[in-house]
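Take a look at this single chain in structure tokens; it is the form predicted on its own.
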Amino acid sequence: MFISKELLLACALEFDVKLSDDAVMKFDTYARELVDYNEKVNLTAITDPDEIVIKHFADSLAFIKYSGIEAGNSFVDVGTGAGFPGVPVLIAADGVKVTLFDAVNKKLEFIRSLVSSLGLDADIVHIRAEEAGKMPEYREKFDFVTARAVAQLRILSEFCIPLVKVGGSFVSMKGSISEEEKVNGIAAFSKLGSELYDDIIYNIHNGDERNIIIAKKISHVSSKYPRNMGQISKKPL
């Protein structure tokens, strides 16, 4: 195997995720294809097999534990990049309806090839989140929306919360986060029909700190959100 089965199983169990032998083999294929494709298109700076397991796979599986996602739930990964956390969730969480958004088609070409080779099914969409949030087929349609460390929390909130259905959750996956960013992000939640539900600090297998912040959607978002990218960047919520 390309990755350590023992390390993967141990890391997954740290987040109460039990992986079948089939899932382990899918993760092994994922790691191989990621490293191979990364030679053509820059998807990740992490290419060591153990680091892929710890920093990408296991960290993505933390979403399953802390979000409370269940079979039948719909889930969109905004800015999925090399597929994190969306593809690991697709592999490990049975019956979850997964959608993957990214604005960079070269990255999605990898995802399409990967998902096909793994024999899995996901809706893979070349789109910007702020555009999707205005479209009836995506606006307020998902039980869970996540983004992993792609922008400040208040900016991510405007990208993601318009996609969350009322009663659903926006799950922001971060490394360590400043108190200022957290306070500003929570203030943005209220402007987007949401409120802070949970703020979880945990460590991955190598001891690095991570932070998951969950906003619960309690009412519909004003039609003025999301704004266009220029407005979001110049004047964040």
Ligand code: SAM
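Residue indices: 1-based, along the sequence shown. All values derive from a computational prediction rather than experimental measurement.
Below, we turn to the form predicted in complex with the ligand, even though it does not appear here.
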{"query": "Per-stretch contact check against the ligand in the predicted bound form, the hit in 141 to 149, 91 to 99, 114 to 122, 68 to 76 (non-hydrogen atom, 4.5 angstroms)", "finding": "141 to 149"}
{"query": "Triple contact flag Ile127, Glu130 and Phe159 to the ligand in the predicted bound form, non-hydrogen atom at 4.5 angstroms", "finding": "yes"}
{"query": "Arg154: touches the ligand in the predicted bound form, heavy atom cutoff 4.5 angstroms", "finding": "no"}
{"query": "Val166: touches the ligand in the predicted bound form, heavy atom cutoff 4.5 angstroms", "finding": "no"}
{"query": "Sequence-ordered residues of 79 to 99 touching the ligand in the predicted bound form, heavy atom within 4.5 Å", "finding": "Gly79, Thr80, Gly81, Phe84"}
